[in-house]
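Just one chain is shown here, as structure tokens, and it is the form predicted on its own.
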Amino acid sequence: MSLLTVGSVAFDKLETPFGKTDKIVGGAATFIALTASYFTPKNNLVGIVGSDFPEEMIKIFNEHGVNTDGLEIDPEGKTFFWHGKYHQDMNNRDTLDTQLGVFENWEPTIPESYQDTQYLMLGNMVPAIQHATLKKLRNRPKFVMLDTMNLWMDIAMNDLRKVLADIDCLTINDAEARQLSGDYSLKRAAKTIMDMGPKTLIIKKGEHGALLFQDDRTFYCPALPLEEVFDPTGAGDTFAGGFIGYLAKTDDLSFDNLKRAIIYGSAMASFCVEKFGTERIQYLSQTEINNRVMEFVQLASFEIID
């Protein structure tokens, strides 16, 4: 099944306790599309970059089977840039610089060849733009997944509520879930948020795993203990790419398959944090992915003996 990812393609400059980088390629749509490419061959990308964006990265997209016909290149603009510094615990970070560049006033254009998409991933961006993008598709996709953040809850809550009413799945972290719902209990928060529209909710808890909610069902996916975490940037987007990529591959939206998808998403995210930027997820083998998934399975597998 075809997958369309819409979101930021950007530059990041990173500082973590493990080192620093110069300007490297990042952005939500970058991580999502690259990760999903390991699962689904019909993988389309919509984004915008400036004249400073490297042609080599576009080649890497294409080598992964990512269709970049929807990647706009503004010859007179600069690519979205973010500079961040992570604290020792890697859960908190400071934004040192943000330059929106061509992303600031961007309105996504959906190529005609993308109109038949069955799975849609709306990366974190202005809620009104997310909603407008969904409306530009002539036929509603079979499954629409959206990522958002606390900023939009602070400054664009009305627009966020409108787009939430039209999607199938929302992915946010635990702090965002509590802010959006106004409830500290994640179980009650999940019910409140699903009443806003999305039938499925994923609450990410970073190094403590992720929770999947649908109706009155809940599934917990643990996080894989890693010896070293170099860079958590893009881990949430990599998770989303693995999750929706697996769903597009299997075309099965049962709760049991959603549970499998969250394991695959978590496995892909565990690769992402092992290196800076997209370095680790660019050249994975199927054997590596399968072995990592089995590590997750074994992490929570047990038998009860009477």
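Note that the structure is predicted; figures quoted are calculated from it, not measured. We number the residues from 1 along the sequence you see.
From this point on, the text means the form predicted together with a small molecule, which you will not see here.
- Under a 4.5 angstroms non-hydrogen atom cutoff, the small molecule in the predicted complex has residue 103 among its neighbouring residues.
- With a 4.5 Å cutoff on heavy atoms, residue 79 does not count as touching the small molecule in the predicted complex; it lies far away.
- Contact annotation for residue 31: at least one heavy atom lies within 4.5 Å of the small molecule in the predicted complex.
- The small molecule in the predicted complex comes within 4.5 Å of no heavy atom belonging to residue 87.
- Exactly one of the stretches 189-197, 228-236, 161-169, 208-216 approaches the small molecule in the predicted complex with heavy atoms within 4.5 Å, and it is 228-236.
- At a distance of at most 4.5 angstroms from the small molecule in the predicted complex, all three residues 8, 27 and 93 contribute at least one non-hydrogen atom.
- Checked against the small molecule in the predicted complex, the residues 118, 133, 124, 181 give one hit for a heavy atom within 4.5 Å, which is 124.
- Residue-level contacts in the predicted complex: of 149, 73, 157, 137, one residue has a heavy atom within 4.5 Å of the small molecule, and it is 149.
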